[in-house]
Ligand code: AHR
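What follows is one chain in structure tokens, specifically the form predicted alone.
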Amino acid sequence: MKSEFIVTMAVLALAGAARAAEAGSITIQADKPGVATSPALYGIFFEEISHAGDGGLYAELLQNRSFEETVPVEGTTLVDGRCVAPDLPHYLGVKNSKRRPNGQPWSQPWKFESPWPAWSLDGAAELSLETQTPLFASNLHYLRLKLAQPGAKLLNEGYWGVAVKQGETYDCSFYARIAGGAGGGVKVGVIGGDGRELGVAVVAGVASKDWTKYTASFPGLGNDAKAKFFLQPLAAGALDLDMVSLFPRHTFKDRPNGLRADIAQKLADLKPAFMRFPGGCVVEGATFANRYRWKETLGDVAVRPGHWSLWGYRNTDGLGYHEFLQLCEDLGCAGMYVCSVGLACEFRNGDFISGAQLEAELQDALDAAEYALGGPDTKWGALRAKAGHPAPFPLQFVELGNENHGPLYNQYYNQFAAAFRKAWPQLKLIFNGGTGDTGPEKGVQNVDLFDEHYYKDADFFFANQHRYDAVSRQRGYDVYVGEFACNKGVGRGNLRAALAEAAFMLGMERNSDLVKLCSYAPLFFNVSKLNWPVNMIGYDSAVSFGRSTYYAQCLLAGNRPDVNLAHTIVWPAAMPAQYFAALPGLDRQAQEIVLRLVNGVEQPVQVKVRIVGARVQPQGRGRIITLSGKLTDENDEKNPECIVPLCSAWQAPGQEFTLDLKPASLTIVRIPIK
């Protein structure tokens, strides 16, 4: 866990000024290990929503860099200012009335302030969007900039600001060709809100009539989170431009085409066991033609066509399938790829394919596994090796479909799963039954994990911390809680949400012989573009922060024991016991009992702890870590550390002792034993 949010203190008093009149108790039987904790339990789930990638994790600073933002949604037709999907049967019925209330195909408003969103002019010049002779056929649009005389600047606002930092190096690249005049130098850089140039470089000799790539670098000369990028031809004439890009030199692991370092580091601090990608509804698409197509996200970013994210904006796919797999390796976690099974999102158009088209889609999914795992002698493994990674990537899970259900999904799942089981038997296969928890129907085969989703209020998560205690272990498959979040009545993600989720997560951990994986969703959001009410990690152009939920998961994942321990908990009748949770476990390597406690009310609570079956080491180096505050407290871009964990050295006085839990708190107690 990062040192910036751990405060070491000599002694930490857990109690507030007031003390509870009646104490709860927990007896821990240290010599009676129970269920082994799943080592893969805590993971992360990425989906391109709320500018999670473009304008977030992906470090590109310029928006609409290839001028394709206004390209209509794949598989739709423009009609009277709307992208209208084809009037095809819904996979849940001919024209499913529940999913198409008006009996009409899905459509999306399609209006923009200009033909080149995020770009503008400062000075006298003309702009036009052209398609006649594109740089690449996969990206038809480019921008033509005409100047009767030099002086005008082409500006890009970035993702609600281009953040520039003093001393940071920035790498710019663009493709250009002369479309009129003799050409000349081109000045690029960033300009602050006060008009001062905060970084600048001059590219000489931009004079070719053929598309040519130009590069430049410059240091940041100041700090401004809301700066703008500029490109300024130094000669009159006409200049065609495409793929205008700006990256900070320093990215996560310093990789080219890399990830924003501060945001990616927050992922690393979560210590995720796996990463799910690329979604979510993005997998299926608003129409089948709009689905995620992994092969189009490989190779040169200038060639990648990108696609429209059904959350309302175009995705560059700069953070593509290869980059996802590379990130899994960099984080030391397993990869989980979610593939389309030929069904568009049921909450959008819901159209589907069959026959030869479905066979091609199945082969496409198998090819994705080969790209990750195949040897360099295979077609797609060779392409991975050519991209600089001859060794296999850590892909371990494949989820077939997303929030699908019904007879056709069952049929398609069986077809895909049988092929995967034969071709890649080492992969764990995940069946996704939508937002219910009924499990696969009879006749569905080759299911290793069933994916359940829960978006509920805090009371649901507190009340369901024992949800899995009595679930049969004889069903033939395990559980993956693939999407869960307390997102109702908790602001944009306050401490009450985190504590409710922590209680639920402890319930999953207690039952991790059944619940093998879980991942909170959504993971990311840009504060200027919110598609979903509550998320885990937020940011603007310069600052990133974790919600309370982020720190709760950091604490649980970073203090996950090897096994649970038998224990008995007694809460006084006067206490609202549903708002409390406790779970002890054993960390064998550290020889420590790890006790996790949730106090979901805004008053201090005493808990008497008794340990039997092992000798507490009074001179051992124990620790107490606490996440606490007011239930309504939230971290945000203006106060990113309103709630952070506090850690202290602590010594248990003996076999029995009393803990005073802070109001509204998650407490981790590590107790050395022998």
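Just so we're clear, the structure is a prediction, and the values are computed from it rather than from any experiment. Heads up: residue numbers just count along the shown sequence, starting at 1.
The form predicted in complex with alpha-L-arabinofuranose is left out here; the points below concern that form.
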Checklist outcome for this item: Among C281, A125, I263, C333, just one has a heavy atom within 4.5 Å of alpha-L-arabinofuranose in the predicted bound form, namely C281
Item to check | alpha-L-arabinofuranose: the contacting residue among I643, I44, I49, L62 in the predicted bound form [heavy atom, 4.5 Å] | outcome: I49
Item to check | in the predicted bound form, segment of 115 to 123, 517 to 525, 89 to 97, 416 to 424 with a heavy atom within 4.5 Å of alpha-L-arabinofuranose | outcome: 517 to 525
Next on the checklist: With the distance limit set at 4.5 angstroms and only heavy atoms considered, check whether F274, F397 and Y477 all reach alpha-L-arabinofuranose in the predicted bound form.
Outcome noted: no
Item to check | Interface membership of N315, alpha-L-arabinofuranose in the predicted bound form, 4.5 Å heavy atom rule | outcome: no
Checklist entry - Does the 4.5 Å heavy atom contact test between W571 and alpha-L-arabinofuranose in the predicted bound form come out positive? => result no
Next on the checklist: Please tell me whether any heavy atom belonging to W211 falls inside 4.5 Å of a heavy atom of alpha-L-arabinofuranose, as the geometry stands in the predicted bound form.
Outcome noted: no
Checklist entry - W311: heavy atom within 4.5 Å of alpha-L-arabinofuranose in the predicted bound form? => result yes
Next on the checklist: Given a 4.5 Å distance limit between heavy atoms, list every residue of 441 to 475 close to alpha-L-arabinofuranose in the predicted bound form, or none if there are none.
Outcome noted: H453, Y455
